[in-house]
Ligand SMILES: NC(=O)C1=CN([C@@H]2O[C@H](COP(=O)(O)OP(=O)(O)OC[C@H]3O[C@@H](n4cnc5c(N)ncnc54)[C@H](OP(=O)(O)O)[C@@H]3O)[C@@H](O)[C@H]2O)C=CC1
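Just one chain is shown here, as structure tokens, and it is the form predicted alone.
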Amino acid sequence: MRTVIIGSGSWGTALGQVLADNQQDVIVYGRNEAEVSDINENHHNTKYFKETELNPLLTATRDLSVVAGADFVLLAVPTIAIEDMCKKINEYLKPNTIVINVSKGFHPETNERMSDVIRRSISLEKLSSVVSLIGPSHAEEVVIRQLTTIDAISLKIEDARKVQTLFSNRYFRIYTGSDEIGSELGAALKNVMAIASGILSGLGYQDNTRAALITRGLQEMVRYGTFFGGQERTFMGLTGIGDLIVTCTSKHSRNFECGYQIGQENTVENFWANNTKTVEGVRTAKIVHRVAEKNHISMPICEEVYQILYNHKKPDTCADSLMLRDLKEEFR
């Protein structure tokens, strides 16, 4: 079974190493010549992992036609690039290819989940199914073989099991599931909560505040996800509370880091002026605001993040806005 990973960034490289450790036939496609050469010649991806040595079986290429004949194609590119990349690889894919999605977010214009974007952008005869490989994980820890568990989610459970078998080993354990809506919405929404967590930490709030943020943030995720057909129990699992905890508390989280900078400076101005990284929660906050407003879904934490990012609300006023809302029962 042959796997091609599209994207030589941190997550694509880390997942490529998992497959190399599993003695699988895997190659990484990347556009950046320096990253591709670093993987092939030095067994490193220094841009993302500094001195971490990669499995020497992992190789990389800049030739996109490498996807021809692949059994699995894993898309490790930002959500904004998924549609375009699918259209580019479509001509090369053989029939019944399993496409693995690891992006967490929405199409910036249509609000679609990534699985829907992939199904729309790849010819049906070439696609066996989409499997979303998502859950609480940071590439920086997977690449040094820290114990990690995530989900393989698909509407075609037999393909989820194939991905489960492909990736699972002594340090990387995969569970399967079929609630694509709940899992993908949970994985996307937690990025907004992580920005909120970073903002509050940057403002100086500590453990009590973070516990409140994670707990109430989970309620917003459940409310939003179940409105669109996700199962409530999904949010108690790896793509819900698991992903939420790790992203709201980790130094590796770009979303938390983004929020922390904004909170420390008490303004979003510097972030917009200087950020060069992909921070999925920033785009997600805008989409959630738009969709929640249209459908009358109460999302107070997400709304505060949106107001800070896009209407330049001062972060130090957001806590009062949340704490001084009308009082209510917790589970009403």
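What you see is a predicted model; the values in this text were computed from it and never measured. Note that residue numbering begins at 1 and tracks the sequence as displayed.
Absent from the display: the form predicted together with the ligand. The rest refers to it.
Within 4.5 Å of any heavy atom of the ligand in the model of the complex lies no heavy atom of residue 107.
Using a 4.5 angstroms threshold between heavy atoms, residue 35 counts as touching the ligand in the model of the complex.
Put simply, residue 78 is close to the ligand in the model of the complex: some heavy atom of it is within 4.5 Å. Within this chain, residue 10 lines the site of the ligand in the model of the complex, having a heavy atom no more than 4.5 Å away. Of the residues given (157, 181, 85, 214), 85 alone sits with a heavy atom within 4.5 Å of the ligand in the model of the complex.
The contact with the ligand in the model of the complex, taken as any heavy atom within 4.5 Å, belongs to 278 out of 61, 264, 307, 278.
Using a 4.5 Å cut-off to the ligand in the model of the complex, each of 31, 137 and 140 places a heavy atom inside that distance. Stretch-level contact analysis of 200-208, 214-222, 97-105, 159-167 against the ligand in the model of the complex, using heavy atoms and a 4.5 Å limit, identifies 97-105. Contact annotation for 241-267: a single residue, 254, has a non-hydrogen atom within 4.5 angstroms of the ligand in the model of the complex.
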